[in-house]
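Just one chain follows, in the form predicted on its own, and it is written as structure tokens.
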């Protein structure tokens, strides 16, 4: 009875468009009205306990590093390098969009930040080259979904923390799937540009000197994910310490090497960091309290028993989870999904013998897809509001990208080696 009321209240608050974190806090508080076993102080204890963890500092550090990168001139250098890499390809500016998301994924760790940045920088330029605004917006939103699985993706850290899974292994596991998504989008853009005759003319070949110039500018930033993954994997530092190193590295590039960051920009970056980190941490705190209620009511055990009784094949399990997560992603923000659903799925994947690292990459890709779909797609609304694109036009242009993402999710589910090859090699 208590659980039914809690879930009903949560659904009503979602429909009333109450912010996710506060909806979770209120619905969890309602639970204590129906039980005499616990004091309402337990709610506060569970929220505080949910964020009272050293590994969670990694999120704060990587958010800080990603934001600092946007103030150091790294974004413009990455953009120039991506343009060099795609110069001779049909639809080269659209290809830049894809490549830049992949490169920036190793720096920002946030798909919303990536989508917002490219919506401001690339969509207007793509319009000048003849692309429709709706297509450019849909492409920008879709390619930003590469970011969560490219290390140091914030989603990878959250899943590793909640599910007690090695963050170093998750970082390695996200590299090849990120490349697969990048290549998939680039192939689609190639044929789209050919069909619509967009940037198909012969272009002047990039000189070796200019290539080396742009590469030299970008290499210091490109080294960051390599340093992070290598350091964690070889035991030089933990994921949390890697986040702190990333912050110092970003400051070093901005203040010493590129010298483009001024004191005013540093202050703005830190203020933006506080806002972004606070919004993530309050969701984690609220989600932790709500997940505690679900655990108390034995929801994970009941769901595991139900799934095992009716679904015997791991392959069928992946299909059911994919459909479930696509629906959930339409209504619930990705970080909240990770906090609430990870404890529910962990007992299930143990029953099916599925590697938690393999499942984590699949899980994050699936919930990310929901950010492109109505009614509550965060990436969809972010990009549309920045570019001035109508939601219905966005939906019309986004379906090919949704198909690519769903096919990619199925490939990740049924070919575990895509995710597990690098963690196995560097074990």
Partner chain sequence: MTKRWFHFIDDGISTFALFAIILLTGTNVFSRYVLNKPLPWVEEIAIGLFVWLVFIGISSAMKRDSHIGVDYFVQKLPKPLRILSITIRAIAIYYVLFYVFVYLGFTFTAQASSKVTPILGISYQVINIAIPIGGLFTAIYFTRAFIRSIQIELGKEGGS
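Residue numbers count along the first chain shown, from 1. Predicted model, so just to flag it, every value in this text is computed and none were measured.
Not on display, but discussed next: the form predicted in complex with its partner chain.
Heavy atoms of no residue among 304, 310 and 355 are located within 4.5 Å of its partner chain in the predicted bound form.
Residue in contact with its partner chain in the predicted bound form (any heavy atom within 4.5 Å), chosen from 187, 236, 212, 327: 236. Only one of the listed residues (382, 389, 64, 398) places a non-hydrogen atom within 4.5 angstroms of its partner chain in the predicted bound form, and that residue is 64.
Using a 4.5 angstroms threshold between heavy atoms, residue 271 counts as touching its partner chain in the predicted bound form. Using a 4.5 angstroms threshold between heavy atoms, residue 25 counts as touching its partner chain in the predicted bound form.
Though the partner is left out of this view, residue 56 does reach within 4.5 Å of its partner chain in the predicted bound form, counting heavy atoms only.
In the predicted bound form, residue 18 approaches its partner chain with a heavy atom inside 4.5 Å. In short, of 88 to 96, 315 to 323, 72 to 80, 277 to 285 it is 277 to 285 that has heavy atoms within 4.5 Å of its partner chain in the predicted bound form. Contacts with its partner chain in the predicted bound form, taken as any heavy atom within 4.5 Å, map within 43 to 73 to 43, 44, 45, 47, 48, 51, 52, 53, 54, 56, 57, 60, 61, 64.
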